[in-house]
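As a starting point, one isolated chain is supplied in structure tokens, in the form predicted alone.
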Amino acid sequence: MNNNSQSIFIKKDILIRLVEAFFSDDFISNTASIPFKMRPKNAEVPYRCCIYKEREIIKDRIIADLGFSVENLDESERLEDFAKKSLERDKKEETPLTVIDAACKGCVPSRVYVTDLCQGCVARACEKSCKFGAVTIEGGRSYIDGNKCKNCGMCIKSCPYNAIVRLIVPCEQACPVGAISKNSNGIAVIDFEKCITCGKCVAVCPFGAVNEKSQIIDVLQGIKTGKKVVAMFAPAIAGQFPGNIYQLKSAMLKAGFYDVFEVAQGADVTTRNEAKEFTERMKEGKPFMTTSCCAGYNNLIKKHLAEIKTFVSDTKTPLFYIAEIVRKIYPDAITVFISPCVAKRVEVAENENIDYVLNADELGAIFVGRKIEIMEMPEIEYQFNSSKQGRNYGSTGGVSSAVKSLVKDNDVNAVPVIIDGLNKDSVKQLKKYAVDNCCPEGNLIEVMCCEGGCIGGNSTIANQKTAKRIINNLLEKSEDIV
């Protein structure tokens, strides 16, 4: 994720202001005033045509942060109305993403395009390179017939002047399953029948037009009303904040959470079960097995890659196991998963042991809004210890190496194969493994939806290098799984 883009800073600013408004004397009116405080009268307009459009986009972002869709809004509804409804609702909206129409640039269609750099040269390399007859010479320069072009890019490679370029739409280009298209107005639309909620569109949109529908108000409402709100944070979250995980727990308790658990504890259960399952499958003569902990990958299987289902581990995710543990300890608590990705919102919606999801940005906004400095907090131990391997689940290679470490049968050799990020090519690769009933590179396929693993998730706030360094420091002080 591009954690340094200006659109991310704007999102963070809005979240922080929303938290401050929630704990103020008048949440509803203070929420409604946020667009005007961020873009006061006579202020410089940094991004859009006028101050009124900027305020409108900020308003829509706040509506998404209040947990509502912004498509097809009733313009008569005020921000105050949405703030009030966020306090009164008793269930979450089904789809986790929403597109802000006013923020979407309406990018030009994705295509291969001949620029003015074309010299109409004698070589005609572009024309000769095209196998589909899409490139011709008209008026002394190259012309590409969009009806024939297959976007193979051979003409781009062949041009000696670099005169042919590929125009892309970032969200469409990033989507591995073609779930994003344009409506009649040129605005991005998400087809949730296809969408695997990988969140790549959220991360790449340079205008911040695709937003998660936040559940932060639901969580804060539980805290403010004195209910037991118990948090479970993913292994990747350990690398998102300064300090260590023991100070992080202390900060979360100060923010109002009743107790805090590491999902890495659930990862240890996953590791043990998956190692046993892998051993059994290999002894049965199965060609390979894939991991099952990535929610984006699981959504891909359900909607687009049924062919590989038989090769996927039946073991549950770390979140599933830790949620079971937490629910037994606190049967009446409100449970909250602190997540690095959008896809986990779909998994949570299907699990009665988990109530809400917050991402790293939202947790960070709570800390800032409540003026909590993690580095100043004391260290507080956890009820249960997690292993080094469980705490490394958020990094690419962490899952397969954990499973391999517990494969003890002398007749079984685990050879990991890493799918580091889902894209159109890796989806084709996985499908080929399934259709061929063979993976020549190995027999234990770890699939991570995000490049770098969960620490590269769209809902993270630290860059991968920083996150990895923090997690490595934690691993050095952690015990091996047994």
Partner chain sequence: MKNIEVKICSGTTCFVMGSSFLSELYEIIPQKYGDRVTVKPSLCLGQCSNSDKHSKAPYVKIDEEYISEATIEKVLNILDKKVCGNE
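Positions refer to the first chain, counted from 1. Keep in mind that what you see is a predicted model, and the values were worked out from it rather than measured.
Here the subject shifts to the form predicted together with its partner chain, a form of this protein not shown in this document.
**Q** Among 401-409, 281-289, 367-375, 199-207, which stretch has residues with heavy atoms no more than 4.5 Å from its partner chain in the model of the complex?
**A** That would be stretch 367-375.
**Q** Can all three of Ile62, Arg345 and Asn351 be found with a heavy atom no more than 4.5 Å from its partner chain in the model of the complex?
**A** Heavy-atom distance to its partner chain in the model of the complex: none of the three under 4.5 Å.
**Q** Is Thr466 part of the interface with its partner chain in the model of the complex - any heavy atom within 4.5 Å?
**A** Taking the distances in the model of the complex, the answer for Thr466 is yes, it comes within 4.5 Å of its partner chain.
**Q** Can you work out whether Phe9 and its partner chain are in contact in the model of the complex, taking contact to mean some heavy atom pair no more than 4.5 Å apart?
**A** Although its partner chain is absent here, Phe9 would touch it in the model of the complex, with heavy atoms inside 4.5 Å.
**Q** In the model of the complex, does Ile461 have a heavy atom within 4.5 Å of its partner chain?
**A** Ile461: contacts its partner chain in the model of the complex.
**Q** Flag Ile470 as yes or no: does it have a non-hydrogen atom within 4.5 angstroms of any non-hydrogen atom of its partner chain in the model of the complex?
**A** So Ile470 counts as contacting its partner chain.
**Q** Looking at Phe241, Phe337, Phe82, Phe257, which is the one with a non-hydrogen atom within 4.5 Å of its partner chain in the model of the complex?
**A** None of the other options qualify; the answer is Phe241.
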